[in-house]
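One chain is shown next in structure tokens, namely the form predicted on its own.
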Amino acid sequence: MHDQLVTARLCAAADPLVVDLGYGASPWTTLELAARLRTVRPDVRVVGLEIDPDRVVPGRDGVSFARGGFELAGLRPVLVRAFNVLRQYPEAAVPEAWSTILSGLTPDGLLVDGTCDELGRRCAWILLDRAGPRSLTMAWDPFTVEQPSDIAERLPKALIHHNIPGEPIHTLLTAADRAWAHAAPLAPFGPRVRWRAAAESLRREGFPLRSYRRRMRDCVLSVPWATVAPR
């Protein structure tokens, strides 16, 4: 909802079809996704797909569910969210999975490949279009995460094994921790205020962090893919 490119593509779509790929044992995240996207595009159509037929549930609240995998059950969505799906695969399988999903999108469609913990307090996702990855975004509950690098355990499969010295993602997270430490005097004002100061410090260092037009509940760090692409 807060990504201008995602909302622009969704609003411009002739058929605002969105797929939640691999929603898991219960459909609650798919239903929540639909409710939130309707604030952007009231006529959005959301379909939850699961490869396990035993997990396919009856439609409800204007959301339908079906069996499907990376081929998207033959649908042509403008947006696909795949959270905690590719983490189950080896890293070498990621490019082919991306290619399969992206080939099923509309020409200007987008894929969100992400990972989060069970309660959604630590999230990281890569935004892709048919040309490839566009950005990495990391978001976390400011009251349950001690420092930015704690998000590393939830990096998407394409990055999680690259959080080592010499790799761009490690450089970014190390710098984020350093900026967070330097912003410690602002801790009495709360972690959100402290993170905003840390983010500004990172920008001054030359890291191209995205600036959002509205303040968010979570701490958010988003950069172009080129900033973190594995060497």
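The first residue of the shown sequence is 1; numbering continues from there. In this text the structure is predicted, and so the values were computed from the model without any measurement.
There is another form of the same protein, the form predicted in complex with a small molecule; it is not shown, and what comes next is about it.
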Check your understanding: Since exactly one of Arg178, Arg203, His170, Arg55 fits, which has a heavy atom within 4.5 Å of the small molecule in the predicted complex?
Key -> Arg55
Exercise for review: Indicate whether Asn84 is a 4.5 Å heavy atom neighbour of the small molecule in the predicted complex.
Suggested key: yes
Check your understanding: Is the gap between Pro208 and the small molecule in the predicted complex 4.5 Å or less for some heavy atom pair?
Key -> no
Check your understanding: Is the gap between Phe70 and the small molecule in the predicted complex 4.5 Å or less for some heavy atom pair?
Key -> yes
Practice item. Answer with yes or no whether Val40 is in contact with the small molecule in the predicted complex, where contact means some heavy atom within 4.5 Å. Key: no
**Study point:** Candidate stretches 131-139, 85-93, 103-111, 146-154 - the one whose heavy atoms come within 4.5 Å of the small molecule in the predicted complex
**Key:** 85-93
